[in-house]
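This document opens with one chain alone, in structure tokens, the form predicted on its own.
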Amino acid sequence: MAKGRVLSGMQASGMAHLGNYHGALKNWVRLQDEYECFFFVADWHALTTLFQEPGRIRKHCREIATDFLACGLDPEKCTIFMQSDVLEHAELSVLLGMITPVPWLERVPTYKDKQREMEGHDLSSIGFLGYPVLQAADIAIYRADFVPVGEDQLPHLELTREIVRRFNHIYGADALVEPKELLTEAKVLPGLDGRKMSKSYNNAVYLADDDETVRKKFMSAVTDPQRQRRNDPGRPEVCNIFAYHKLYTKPERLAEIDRDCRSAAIGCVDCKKELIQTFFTLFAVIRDKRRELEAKPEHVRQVLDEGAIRARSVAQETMETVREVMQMGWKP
């Protein structure tokens, strides 16, 4: 496509939740009509925190791939595959790791943040420190022009560009492409407890959750902590449930909820029940399709296999160029 090539992935550390949908998947569905897109399930990245639980990663890969298709990614429009099915990711990661200074990795803003978020997990591995190198390889192996990111991910992408620039400078060739950002407008979606929605915090609503689970989760969500009684006036700006209403509720009704919350004309329970019904309506198609796909795992696997063939073809071309400029291998 004239606009260029896009690459993005999602870590196989659990099922996709609403934060993943609004932060990535919804945007990917739009991008597949505008760019040549490659989207992958990042199972090797999941090993940075789940290396002691390999069975979970396999299960999560199936779930994430199912989420991709349920949300509208179309294998006729984009390439969908699993990271570990294209071994060239690992080969390029090893080579890029040889030229990447350790201080570059230690300064990544989310390095210490992730350590705090994943407290209790063994994060002392080379894989955890060096995951930005593998991330750079994921992008560079497809010579991607663009990567869709939020503002909080810009430092990661800039590190990828620095690694690519260093590689091209050392070997005197433009073998790899410096990717540009495609900034997404999605804001961080709060979890049910008010913190960022995260699988690690156990505060997420998943696309795979059944109706009863969705109800229980939203009904237990934290609202305005100062609103202790039904007739206490509320503050929508600090309420998690209102944050979801801003995403899902029509503007005219949203204004009424804002007004009625502040005057205590509506209680938190009623506000939550209305949100639940709105959510069921808006996500009916995605959730129905997901249930259908769960019953056809062989179809999901076929999509991944066919996507890996297409991805591997592009990756192999890049690696031929990389090996040549690095003068790897024996040539008489």
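All residue numbers refer to positions in the sequence shown, first residue = 1. Please read all numbers here as calculations on a predicted model, not as lab measurements.
The form predicted together with tryptophan (TRP) is left out here; the points below concern that form.
Query - Stretch in contact in the predicted bound form with tryptophan (TRP), which is absent here, among 51-59, 289-297, 37-45, 66-74 (heavy atoms within 4.5 Å) - result: After filtering at 4.5 Å, what remains is 37-45.
Query raised in the report: Are all three of Gly191, Thr213 and Phe279 close to tryptophan (TRP) in the predicted bound form, meaning a heavy atom of each within 4.5 Å?
Result: None of them does, since no heavy atom lies within 4.5 Å of the partner.
Query raised in the report: Taking 4.5 angstroms as the cut-off for heavy atoms, does Gln11 touch tryptophan (TRP) in the predicted bound form?
Result: Looking in the predicted bound form, residue contacts with tryptophan (TRP) include Gln11, since a heavy atom lies within 4.5 Å.
Query raised in the report: Should Val86 be counted as a contact of tryptophan (TRP) in the predicted bound form, where contact means heavy atoms within 4.5 Å?
Result: The answer is no: Val86 has no heavy atom within 4.5 Å of tryptophan (TRP).
Query raised in the report: Applying a 4.5 Å heavy atom distance criterion, does Phe167 contact tryptophan (TRP) in the predicted bound form?
Result: The answer is no: Phe167 has no heavy atom within 4.5 Å of tryptophan (TRP).
Query raised in the report: Does Ser125 make contact with tryptophan (TRP) in the predicted bound form, using a 4.5 Å heavy atom cut-off?
Result: No, Ser125 stays farther than 4.5 Å from tryptophan (TRP) in the predicted bound form.
Query raised in the report: Which one of Leu176, Ile139, Leu92, Ile80 is close to tryptophan (TRP) in the predicted bound form, taking close to mean a heavy atom within 4.5 Å?
Result: That would be Ile139.
Query - Heavy atom within 4.5 Å of tryptophan (TRP) in the predicted bound form - residue from Ala208, Val149, Leu159, Met197 - result: The residue from Ala208, Val149, Leu159, Met197 that makes the contact is Val149.
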